[in-house]
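One chain is shown next in structure tokens, namely the form predicted on its own.
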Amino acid sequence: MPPPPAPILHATDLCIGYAGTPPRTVASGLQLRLHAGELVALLGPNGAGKSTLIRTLAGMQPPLAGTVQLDGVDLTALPARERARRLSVVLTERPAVEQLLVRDLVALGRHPYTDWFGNLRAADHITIEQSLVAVAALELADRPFHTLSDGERQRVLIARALAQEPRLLILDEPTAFLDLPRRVSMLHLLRRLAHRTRRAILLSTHDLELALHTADLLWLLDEDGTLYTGAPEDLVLAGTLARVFARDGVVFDGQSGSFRSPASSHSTAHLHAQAVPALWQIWTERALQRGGVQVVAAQTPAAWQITLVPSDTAPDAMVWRVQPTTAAAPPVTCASLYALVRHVVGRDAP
């Protein structure tokens, strides 16, 4: 059996932080590997040191101890030109290139390959166009950068990084300025780039749930400097995600794979949803939970009985019949989850 391929990025006994008297250590003893074709998401609570780790791995600040190797060569020993051919970085800071045309901005990624005068060859122009095509931005090529939307700008900056033809692409919060649909699109774009081009891609993000769905591996940096690595499912099943982010005031639901704010339970309910599409039951439970109502098993005492039944007036729709279990009262029919939650928590009648 052939040996596994060597990693593109390999950090050994890495200590990150800031020099001084005394130095401030953020994390130490880190052992990291990143292989070709992998999309790795770096997660962690605010202040855990994600940006410090990103900047150290990108060679933008020196490690306090340990080594970072890129293709088996110490990162600090690589000449700047050679490093730029192997590694490209996209940061959250906006570059001061507002007046440049998109094509000219992406062309900046070819500087590690041009002569002293920055002359572009035919092959460079092909690479620039291919980079724009890879991020679906070719139609933006002749527009000034300042006329682009946030999502378009981010795609163009990634195209500039791809024009360097790097082995490793590092991105710090690439979805920071994007709305939800564009965040989803951006993460799926990066996943496709990693898998199709066999590049190693590392990104830091606060999009926890989106990272769970798109990343091949997670690097989870805790506030105490401990770094956990593994597939998203590994860290879920081990309880690591729930434990790390519990300090950040959120609760991780391992069954749904989502995070939620902790809510005190104001009441309890039995939910009956036989022969009802599962989606209706799932979202009913979510709405009740958000309102502070805990759905409990049938054998557990509860304050409310809630039954999902087909609507008499709208095809393929449901209504909710709800009545208290501790008082003789006729069921009340709620036509929406909003009305149901308000009724159960006593804020309003349906």
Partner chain sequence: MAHTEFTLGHRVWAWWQKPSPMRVSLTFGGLLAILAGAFLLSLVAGSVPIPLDAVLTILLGGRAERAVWATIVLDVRLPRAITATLAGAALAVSGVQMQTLFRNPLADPYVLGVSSGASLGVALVVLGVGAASSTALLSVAGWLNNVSITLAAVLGATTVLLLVLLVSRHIRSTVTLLILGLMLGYLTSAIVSLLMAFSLSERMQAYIAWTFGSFGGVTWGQMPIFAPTILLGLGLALLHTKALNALLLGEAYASSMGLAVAPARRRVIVSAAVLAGTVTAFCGPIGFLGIAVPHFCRALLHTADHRVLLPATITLGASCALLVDVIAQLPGSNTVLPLNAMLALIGAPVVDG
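Computed from a predicted structure; not experimentally measured. Positions refer to the first chain, counted from 1.
Unshown form predicted together with the partner chain; subsequent notes refer to it.
Residues placing heavy atoms within 4.5 Å of the partner chain in the predicted complex fall in a single listed stretch, namely 103-111, out of 103-111, 206-214, 270-278, 225-233. Not one of Arg33, Arg167 and Leu193 comes within 4.5 Å of the partner chain in the predicted complex, counting any heavy atom. Contact check for Arg155: no non-hydrogen atom falls within 4.5 Å of the partner chain in the predicted complex. Contact annotation for Asp74: none of its heavy atoms lies within 4.5 Å of the partner chain in the predicted complex.
Within this chain, Leu120 lines the site of the partner chain in the predicted complex, having a heavy atom no more than 4.5 Å away. The partner chain in the predicted complex is not approached by Glu139, whose heavy atoms all lie more than 4.5 angstroms from it. Contact annotation: of the candidates Ala84, Ala134, Leu178, Leu148, the single residue with a non-hydrogen atom within 4.5 angstroms of the partner chain in the predicted complex is Ala84. This chain appears without its partner; in the predicted complex, the one residue of Ile282, Ala65, Ala317, Met60 with a heavy atom within 4.5 Å of the partner chain is Met60. Shown without its partner, the chain has no residue in segment 208-233 with a non-hydrogen atom within 4.5 angstroms of the partner chain in the predicted complex.
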